[in-house]
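Okay, here we've got a single chain as structure tokens, the form predicted alone, with questions on binding and movement later.
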């Protein structure tokens, strides 16, 4: 029996939606040659990650084995699959392989982070393959809500793995390649050891709809509008941007693109040849000379992002454009769970202006980019894998998807981040457990999720902050009274006196009573001053703040 094995190890994206990073390896245990599929980000929120810019997978396990890593393959250019590549590249330092559109986006990101864009290698679609170590890898076109998505065929001595990436079964996706069931049957006909498959929409019971279903509905909506029309969608959903623009053009309107990400995606699509016949656009400055009822704005910020064009329009003007009473705003997008608060704020701001807002609740103006349950079952039937490993989903999605596989007699496993699966045999087996976590981009530095920085930030936000300053002379005697600076705390407490004054009095009384031993010991002194400050705040205002003590000694 061979001692070599084929392994699958998710470092992100399994048990959560976002931050995708999947390792495949083949070889003797511990000495496997490795490839990484995708390296994405998740986005922070004020409740759990205040002040953080991006969340990335902790790749420590992989970085320690960088000499075993052959390359990185990116399935498509969504941020949750590509967003961390340039940020973490220096720890891995291997070629990055992607199809032309995705490679274009990746090179821009690499340049922004000071890396050589030539580290990104453009690959052509199947049947072209790339040979790296024991692996032969090909990118098979598949439809999704961004151009040139590619499922990966990963061949090794232990058999063929198909990694779907994000996908939907769309026969007419407007931009990008249609799903070709015959092609997928062809790559599966000689047997597939494992199918590692998108699970996002496993709970949606109806077959997915095509991007091409939307054009007539959107055109009708815009044609019936009397004022200015604006619409938002994901900037990366180039097909939807084209659908919106063509609908606006058919309704006799001039098209204005608002938002840097939107322009960047359209430029990349045109540069790489995936987008053609895009309606002529006018610049915001030119739009000032066009009657408002003849304009259509297409904006970034469908998820309520505060700095995006949509939020700026909701607050007032953006690039000279302004929505007024009687105008129409369309959300041609689904709100991702967790983003509801920002989107609702925008809707209310528009409502106060008298702008009519239309969302996707009717299903007329948005279709998902992910396969629903019947589509997943169709993929299972086409590929007929020996093993099914659900990925890209929360635990509930993975569990439900694994059940679908088991119901069809396919050996299935729920593999969450850090769970190494041996795919070599007839059934998947847990080979190891790896510590996984998160890395935060915080300003210009990367910090670990367990470093305590964000935790301290949350504590200060919840409890307020006090800085206590005390000065001691050469004899270790207090020089004057201590003083406090308060941040995020009520100024007056139960005693109807200023909280700062009450706290300073309590701290001063302690210093006056403190023994020489305590006054000589910085650690002991800091501990006691902190305790008293928190105790006073608790009795005065019912809060125990974070406390920083500064002890200065005259020498």
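Quick caveat: nothing in here was measured; it's all calculated off a predicted structure. Residue numbers count along the first chain shown, from 1.
Form predicted together with a further copy of the same chain: not shown, discussed below.
Under a 4.5 angstroms non-hydrogen atom cutoff, a further copy of the same chain in the predicted bound form lacks residue 280 among its neighbouring residues. By the criterion of a heavy atom within 4.5 Å, residue 493 is counted among the residues contacting a further copy of the same chain in the predicted bound form. Among heavy atoms of residue 348, some come within 4.5 Å of a further copy of the same chain in the predicted bound form. Remark: residue 355 counts among the residues lining a further copy of the same chain in the predicted bound form, judged by a heavy atom distance of 4.5 Å or less. Checking 213, 305, 394, 377 for any heavy atom within 4.5 Å of a further copy of the same chain in the predicted bound form turns up a single hit: 394.
This chain lacks the partner; the member of 461, 187, 431, 178 within 4.5 angstroms of a further copy of the same chain in the predicted bound form by a non-hydrogen atom is 461. Note that among 58-66, 507-515, 22-30, 40-48, the stretch whose heavy atoms approach a further copy of the same chain to within 4.5 Å in the predicted bound form is 40-48. Residues of 399-417 placing a heavy atom within 4.5 Å of a further copy of the same chain in the predicted bound form, in sequence order: 399, 403.
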